[in-house]
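Okay, so here's just one chain, in C-alpha cells, the form predicted on its own.
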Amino acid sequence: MAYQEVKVKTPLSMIVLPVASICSFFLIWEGLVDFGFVPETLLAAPSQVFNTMVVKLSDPNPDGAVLAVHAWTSIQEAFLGYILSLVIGIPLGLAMGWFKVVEGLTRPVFEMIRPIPPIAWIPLTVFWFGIGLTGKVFIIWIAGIVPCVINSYVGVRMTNPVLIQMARTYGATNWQIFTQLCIPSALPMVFGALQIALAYCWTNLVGAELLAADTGLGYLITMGGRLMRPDIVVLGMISVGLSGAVIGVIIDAVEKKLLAGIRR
C-alpha cells in the first residue's frame, strides 16, 4: 500500500497565539526599557535594536563590517564545521552501533573526549591551527560531532532484534543487515542528530569567533560588549538566533521529504 500523506489544517489559535506571544514579549521588553525599569546601559529596547540593524546594513562602524558580512562569515564557519561533523560523526556512530570492532576501538576514546567542553579546546586550537578559519571550524566541529555519533549509535542499537534475526534466517549477510535494515531504522535518530548538532554548532559559534576574529556574529557580540553597546550585543544575538532558526526549518523540511520518500 502506497504511503499517502494526510494534510491536517492548522487551527487558527495555533497561529494567533504564537504571534500574540511574540508581540507581547517585545511590547513588555520595550516598556521595561522606555519607562526606566531597566537602564539602557544594561539592555537596549527593541526599537533601538531595530534602528541599529538598519544602520548596520550599510554602515561598518563601529566594529569594522556591515551586518551581512558578519552573518556570511559566521554562516561559512558554522556550515563547514557542521558538515564535517555530519560527514564524520554519522558514519562513525552507525559503525559503532553495529560493528563490535569499531565500537571497541573508538568508543573508549570518544567517551573520554565527549565530556570536554568545546571551548576548552581553544588554547590547543591556537597552537595547532593558528587563529584563522581552520581553528574556528575545528571548534564548531568538536561541538557538532558528539550528538551525531550518539544519535547514530543509539539509532542502530534500537533496530528491532526480531527483524535482524529474521534477516539472518533468510541468509542476509552482516553487511546487508547493516546497510538495508539498521541504517534505514536509524534514520529518525540520525535526522534528530542533524537538529541537535546544528544547535550545538551555533551555540559554540561565539566561542569559536573568540579566536582573534575580525568579522562574524560572535565577533559582533564581543565588540558590542567591549564598546558598552547593548544594542549591538542584542543585534548579534538575534542574528545568531534567526540564522539558526532558518537553517533548522530547512533541515526539518528536508527530513520530512526524505522520510516520506522512505515510507513510500
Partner chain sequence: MNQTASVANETVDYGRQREPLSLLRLVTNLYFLYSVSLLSFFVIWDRVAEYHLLGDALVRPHLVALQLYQLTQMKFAGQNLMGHIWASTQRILVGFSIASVIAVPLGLFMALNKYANAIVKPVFDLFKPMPPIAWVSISILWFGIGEASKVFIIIIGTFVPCLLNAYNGVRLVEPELYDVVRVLGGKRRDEIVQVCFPASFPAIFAGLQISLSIAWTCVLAAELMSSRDGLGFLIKRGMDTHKPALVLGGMVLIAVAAWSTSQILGLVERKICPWKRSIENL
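Quick caveat: nothing in here was measured; it's all calculated off a predicted structure. Positions refer to the first chain, counted from 1. Just so we're on the same page, rigid core means the largest C-alpha set that superposes within 1.5 Å between forms.
From this point on, the text means the form predicted in complex with the partner chain, which you will not see here.
Q: Answer for Asn61 alone: is it within 4.5 Å of the partner chain in the model of the complex, judged on heavy atom distances?
A: Although the partner chain is absent here, Asn61 would stay clear of it in the model of the complex, with no heavy atoms inside 4.5 Å.
Q: Is Met228 close enough to the partner chain in the model of the complex to count, meaning some heavy atom within 4.5 Å?
A: Although the partner chain is absent here, Met228 would touch it in the model of the complex, with heavy atoms inside 4.5 Å.
Q: Give a yes/no on whether Leu43 approaches the partner chain to within 4.5 Å in the model of the complex, heavy atoms considered.
A: Output for Leu43 is yes: heavy atoms within 4.5 Å of the partner chain.
Q: Taking 4.5 angstroms as the cut-off for heavy atoms, does Phe178 touch the partner chain in the model of the complex?
A: No.
Q: Go through 84 to 92, 178 to 186, 71 to 79, 99 to 107 and give me the stretch that gets within 4.5 Å of the partner chain in the model of the complex, heavy atoms only.
A: That would be stretch 99 to 107.
Q: Which pick from Gly171, Pro117, Pro161, Gly132 sits with a heavy atom within 4.5 Å of the partner chain in the model of the complex?
A: Going through each option in turn, the one that passes is Pro117.
Q: Quick check on this chain: which one of Val33, Leu67, Val206, Val49 has a heavy atom within 4.5 Å of the partner chain in the model of the complex?
A: Residue within 4.5 Å of the partner: Val206.
Q: On the criterion of a non-hydrogen atom at 4.5 angstroms or closer, are Val190, Val249 and Ile251 all touching the partner chain in the model of the complex?
A: The answer is no; none of Val190, Val249 and Ile251 reaches the partner chain.
Q: Give, in sequence order, every residue of 139 to 158 that has a heavy atom within 4.5 Å of the partner chain in the model of the complex, or say none if there are no such residues.
A: Those in contact are Ile150, Tyr153, Val154, Arg157, Met158.
Q: Does Leu210 move its CA by 2 angstroms or more between this form and the one not shown when the core is aligned?
A: Yes, the C-alpha position differs by at least 2 Å between this form and the one not shown.
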